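Only one chain comes next, encoded as structure tokens, the form predicted on its own.
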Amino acid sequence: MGASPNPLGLTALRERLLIRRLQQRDERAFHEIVRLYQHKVFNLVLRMIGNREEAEDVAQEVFVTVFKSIDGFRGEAKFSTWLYRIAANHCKNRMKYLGRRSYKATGELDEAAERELQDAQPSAMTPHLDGPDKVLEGMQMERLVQEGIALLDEEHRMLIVLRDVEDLSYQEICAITGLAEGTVKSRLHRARMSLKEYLAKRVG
């Protein structure tokens, strides 16, 4: 049997070879890594920060860090998990910086971020609506979900995005956040309750 593909369609062997080339400072391998993972990283960062311009800057910083730190990747976790951990840390640092500037204190998304997220992977909280007459309703619900996520505190927001948007396993989330599985589950439960309360108030 061949190596099973990851969600991006890469076999484990191809990914290992790509990482090995990156560790040898192969620029083409770096550009391939960026091409494969940039949308997932950008969507994660955008959902966390809620501002397209800031998200673009942070996503670029994430890949610069990947290039500089790739020698530290030992393959003990999946590459995507290691990459998400770097992205999560960059998000936390940027949000602390923005928080000191009272930036986006209302938790609202800017217009560019809303447009970007409408085209991105929808949240699992968003109902799957069939038929062209339901498209607008689905977009409106997705917008409300994103507003609710943006109003969660940083830690709860990260867990909602990793689990309910990116559909990562609890084991992966523990590796990314450094939290115990029980802590992840309890905090995720509270985050979901807060988000559902917000949606109930808005929908009505």
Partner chain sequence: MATVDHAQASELFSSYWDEELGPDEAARLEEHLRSCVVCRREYEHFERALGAVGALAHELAPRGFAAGVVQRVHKRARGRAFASRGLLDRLPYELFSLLMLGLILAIYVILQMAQPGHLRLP
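Everything quoted here is computed from the prediction, not taken from an experiment. Numbering follows the first chain given and starts at 1.
The same protein also exists as the form predicted together with the partner chain; that form is not shown, yet it is the one meant from here on.
Undergrad: Heavy atom to heavy atom, is V34 within 4.5 Å of the partner chain in the predicted bound form?
TA: Residue-level check for V34: yes, a contact with the partner chain.
Undergrad: Using heavy atoms and a 4.5 Å limit, would one call A12 a contact residue for the partner chain in the predicted bound form?
TA: Residue-level check for A12: no, no contact with the partner chain.
Undergrad: With the partner left out here, check for me: in the predicted bound form, does some heavy atom of T183 sit within 4.5 Å of the partner chain?
TA: No, T183 is distant from the partner.
Undergrad: Would you check, heavy atoms only and a 4.5 Å threshold, whether S69 touches the partner chain in the predicted bound form?
TA: Result no; S69 lies far from the partner chain in the predicted bound form.
Undergrad: At a 4.5 angstroms cut-off on non-hydrogen atoms, which residues of 174 to 201 are near the partner chain in the predicted bound form? List them in order.
TA: Residues within 4.5 Å: K185, H189, R190, R192, M193, L195, K196, E197, L199, A200.
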